[in-house]
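We begin with a single chain expressed as structure tokens, specifically the form predicted on its own.
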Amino acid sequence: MTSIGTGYDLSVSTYSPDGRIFQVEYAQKAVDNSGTAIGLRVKDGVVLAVEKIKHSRLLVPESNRRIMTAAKHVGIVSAGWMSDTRHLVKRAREESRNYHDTYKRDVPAKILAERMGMYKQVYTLYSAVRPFGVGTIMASYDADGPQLYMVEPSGQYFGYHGCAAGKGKQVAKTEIEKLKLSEMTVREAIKEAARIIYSAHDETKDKLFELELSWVCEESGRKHQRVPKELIEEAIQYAERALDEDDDEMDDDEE
């Protein structure tokens, strides 16, 4: 019994005969067609990086940022629709503020990830709404140390040492798995994050892009902040050198 073209994708609250919810799968497609976003959890903090595709040369640099701050110790990077991202970041800020007002301490990353996952999952239950077309990567530094979570469009959330979302996620995951994250510092992770984003970038489809980097670590006072520009420039130079070396090796192999 086929589920294609039979109308099971008209409502988010309807299962197909083989147990699929097509609207959730469509939301995941929106994530997979977005610029690559990654998170790296290392021994002294967490680094977030994203490939922000520039659709026009007229766009102002560093505008429409894809990495945002949800609380002083929590940063969020997303792959997917920016309008949905802004709504979810606003919700994360409200959850963080409500938790602090109630318990008089910063919200733990696991609690915030759970609440955001529940909020996303609610939008998969009713036919009057649609799932969020956003994969959300959340970095934090709380009482338990560096934390990294990713919340899927379905509402599922998982804790990670390293994760990726977006069109280059398969390449990024392969590169992340090669890293010894538990032995790395955030400064090393910044360079590796830039290298991975440049490796995952597809020049044939999207020539213009901007690299965004942020961290939450001991060096930043356990607060989520943008990576200083001088470190970003060093990371970009490192990534470009690594890319050139890979190209040279491929040319040598062909010969």
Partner chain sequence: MDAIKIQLPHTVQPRAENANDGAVSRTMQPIVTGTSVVAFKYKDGIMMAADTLASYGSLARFRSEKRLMAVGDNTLVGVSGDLSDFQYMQHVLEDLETRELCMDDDQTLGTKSVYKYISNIMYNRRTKVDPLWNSYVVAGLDHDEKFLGFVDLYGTRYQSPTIATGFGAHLAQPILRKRVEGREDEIEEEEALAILDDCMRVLFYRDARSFNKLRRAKVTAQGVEISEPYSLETNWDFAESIVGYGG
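Predicted model only: the values in this text are computed from it and were never measured. Positions refer to the first chain, counted from 1.
Unshown form predicted together with the partner chain; subsequent notes refer to it.
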>> Between K43, K54, R65, K191, only one gets a heavy atom within 4.5 angstroms of the partner chain in the predicted complex; which residue is that?
In response: R65
> in the predicted complex, which of the listed residues (H87, K72, K110, K173) lies with a heavy atom within 4.5 Å of the partner chain?
Replying inline: K72
> For this chain shown on its own, do R93, R97 and R226 all sit within 4.5 Å of the partner chain in the predicted complex, going by heavy atoms?
Replying inline: yes
> in the predicted complex, which of 126 to 134, 174 to 182, 100 to 108, 149 to 157 comes within 4.5 Å of the partner chain (heavy atoms)?
Replying inline: 100 to 108
